[in-house]
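Quick heads-up: it's one chain on its own, the form predicted on its own, in structure tokens.
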Amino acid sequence: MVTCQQLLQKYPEVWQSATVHPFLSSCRSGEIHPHQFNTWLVQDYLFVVDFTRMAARLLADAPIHHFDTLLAGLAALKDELNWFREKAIERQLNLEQYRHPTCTEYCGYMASLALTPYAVQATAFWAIEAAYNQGWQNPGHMVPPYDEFADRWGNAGFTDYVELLAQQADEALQSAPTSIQKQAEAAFQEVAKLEKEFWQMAFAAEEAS
């Protein structure tokens, strides 16, 4: 049986590419350019909109005893979307923009997971949250104003939530046939690839002329 921890151990380089990136280290040092960070903020808001839809679909397929954790996550996403809007107002950013192709690809992948078994969805959902948790933790303490963003996804409470998601994914995988476990493994790798590309999208953003 495959588990979330085994996936992390089996694909360390893939996972590192998803959670360690110059975008994040530049946030830590304060050297990130405003246009790079603002690109990330807008596109991540658009991503979270579709991630919320993924969370709702996951809940629809989940066993009842998984509801508490998933509902708590949905409630947190409500607060997160409102928080993004507040940050956008502070930075005078328009959130009603077209998605970058990288964001569009990621959102399309999340939507496609609705056609997969619950174990695959749960593994991918955990991987997405885990990537943010570790990504914002790994660089260490960040300078203001980026420390607020790091704390949102790197705090101990969020880490505990990610662990609960891992436990639920592991439970679903335990009873899944080998073919579905392989799908979950592929989903983990795809999430890691898309996470790397998302950081790179923001880091490579060009300043508007």
Ligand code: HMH
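Residue positions are given as counts along the sequence shown, with the first one as 1. Small disclaimer: the values here were computed from a predicted structure and weren't measured.
FYI, the form predicted in complex with this ligand isn't displayed, but the following is about it.
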query	finding
Location of this ligand contact in the predicted complex, chosen stretch of 139-147, 45-53, 167-175, 65-73 [non-hydrogen atom, 4.5 Å]	45-53
Joint contact, Y118, E185 and F188 to this ligand in the predicted complex, by non-hydrogen atom at 4.5 Å	no
4.5 Å heavy atom contact, E80 to this ligand in the predicted complex	yes
Residue contact check: F37 to this ligand in the predicted complex, 4.5 Å heavy atom	no
4.5 Å heavy atom contact, L113 to this ligand in the predicted complex	no
In the predicted complex, F198 touching this ligand (heavy atom, 4.5 Å)	yes
Residues from 139-175 in contact with this ligand (non-hydrogen atom within 4.5 Å) in the predicted complex	W153
